[in-house]
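First, one chain by itself: the form predicted alone, in structure tokens.
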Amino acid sequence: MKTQIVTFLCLLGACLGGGLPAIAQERPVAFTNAELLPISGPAIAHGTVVVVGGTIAAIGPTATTAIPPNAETIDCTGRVIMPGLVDTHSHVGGGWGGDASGPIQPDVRILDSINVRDSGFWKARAGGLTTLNIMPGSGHLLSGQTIYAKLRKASTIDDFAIKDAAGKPLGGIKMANGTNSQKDAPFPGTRSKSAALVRQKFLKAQDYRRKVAEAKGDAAKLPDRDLEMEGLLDVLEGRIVVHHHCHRADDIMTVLRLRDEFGFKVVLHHVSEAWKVAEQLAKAKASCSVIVVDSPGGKIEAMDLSLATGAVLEKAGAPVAIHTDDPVTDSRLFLRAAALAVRAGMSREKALEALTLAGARMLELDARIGSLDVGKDADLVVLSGDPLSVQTKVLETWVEGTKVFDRADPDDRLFAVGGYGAGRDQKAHGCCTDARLSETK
């Protein structure tokens, strides 16, 4: 009997008779004869991935991996398949967070302002991205709550949302320090005042938490509902992760002090000067989501950004992911960012992990995404060649067993290569054209 047949049959039985909700993928799909890059293990030169009900049912050498008799078989000879790319920091969708009324706004939710028909989502799929952490901007000390989005076919934000068991959309919260949030009052004017305002707000949240605990569920004793405090309680209780914009080494260390003082979970984003404090970051087991750009600029505090940051952090032993900060880096160039990190000394293995599994861990979604493992979501990227080659093209992107990008489709190809109409959220409407009024790709 071929290997993994038992696992496949168990998953098939669960999908067909285990009481699960309806699934989009109706027919099993087998991708055969590809070079597989599982990320969680060694490459498989001639491998097969079997997808059933939106999840990976089997993976292994083509010669020994069972394929269900009713499966659609796709011959991927000469192609490379890796997990869908995970972007820990994106602004695709045109969403806005906090306004000018104050520097700390944990009650704001970015999901309330995302346009799912934004052309950036088509471009992200064209780059092989399947999961995004969509964030508010960094002009506040705290600009609002983020959303973790799967790039499924979508007509509303609910179609994108990754939800918990209770149906609540998952996400983190966006914080920042440095020069971005330094403005006229009520915003801070210095780095020291920035940290002071954050401390004061968290102290208020701790007091709110104390009052809630003392009420012991008695509605008459509970404090008035406060959306700001509820957002910060999620942080203090560890239910959500702080995604913290920072550049300079002193700003990085300030974030770690605040983390230790209030006990929240944090991922450090950008970290232009992380190479200066790599040993401290490794000792603190601080996760770093790095931006890799070959044309740095835009702000003085990022002037010491280095392409070698990923390599230095890897050597020190700090967790590293890579992000786009789209539109800072176009999502279609995400693979290129990893290639630049490798050129600067990062290992190939850790660079590919930084695009996938490392980011999944930072979003606390690694049980579902980030690698090609049985039981995980069938988020796949089919490539024409090595992922770190500038000649390689993303041929197909699959989310939960459904194809969401196909370079052979003229409409999809437009978003991959650019040209007239590629930056428009909808096509023009007229007697001789079709309106892109809903998500179709």
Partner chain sequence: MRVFLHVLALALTALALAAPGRVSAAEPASLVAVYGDVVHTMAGPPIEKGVVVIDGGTITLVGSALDIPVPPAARVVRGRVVTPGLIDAHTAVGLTGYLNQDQDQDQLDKGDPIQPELRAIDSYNPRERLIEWVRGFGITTIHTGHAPGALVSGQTMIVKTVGETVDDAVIVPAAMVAVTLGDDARPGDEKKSPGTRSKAVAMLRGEFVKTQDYLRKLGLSDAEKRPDRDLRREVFADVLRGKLPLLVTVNRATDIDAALRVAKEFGITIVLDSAAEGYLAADRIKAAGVPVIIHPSMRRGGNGETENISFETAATLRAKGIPVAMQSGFEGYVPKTRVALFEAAIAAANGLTTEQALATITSDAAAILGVADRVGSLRPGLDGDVAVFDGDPFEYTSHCTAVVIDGRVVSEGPR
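None of these values were measured; they are calculated from a predicted model. Residue numbers count along the first chain shown, from 1.
The form predicted together with its partner chain exists for this protein as well; it is not shown, and the discussion that follows is about that form.
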| Interface segment, criterion being heavy atoms within 4.5 Å of its partner chain in the predicted complex, picked from 375 to 383, 394 to 402, 410 to 418, 61 to 69 | 410 to 418
| message | Would all three of 294, 330 and 336 be in contact with its partner chain in the predicted complex, where contact means some heavy atom lies within 4.5 Å? | response | yes
| query | Can you pick the one in 284, 195, 154, 307 that has a heavy atom within 4.5 Å of its partner chain in the predicted complex? | reply | 307
| said: Which residue, 186, 298, 263, 78, is the contact with its partner chain in the predicted complex, using a 4.5 Å heavy atom cutoff? | reply: 298
| Is there a heavy atom of residue 340 no more than 4.5 Å from a heavy atom of its partner chain in the predicted complex? | yes
| request: May I ask you to state whether residue 180 is within 4.5 Å of its partner chain in the predicted complex, using heavy atom distances? | output: yes
| said: How about residue 367 - does it come within 4.5 Å of its partner chain in the predicted complex, if we only consider non-hydrogen atoms? | reply: no
| field | 4.5 Å heavy atom contact, residue 388 to its partner chain in the predicted complex | value | yes
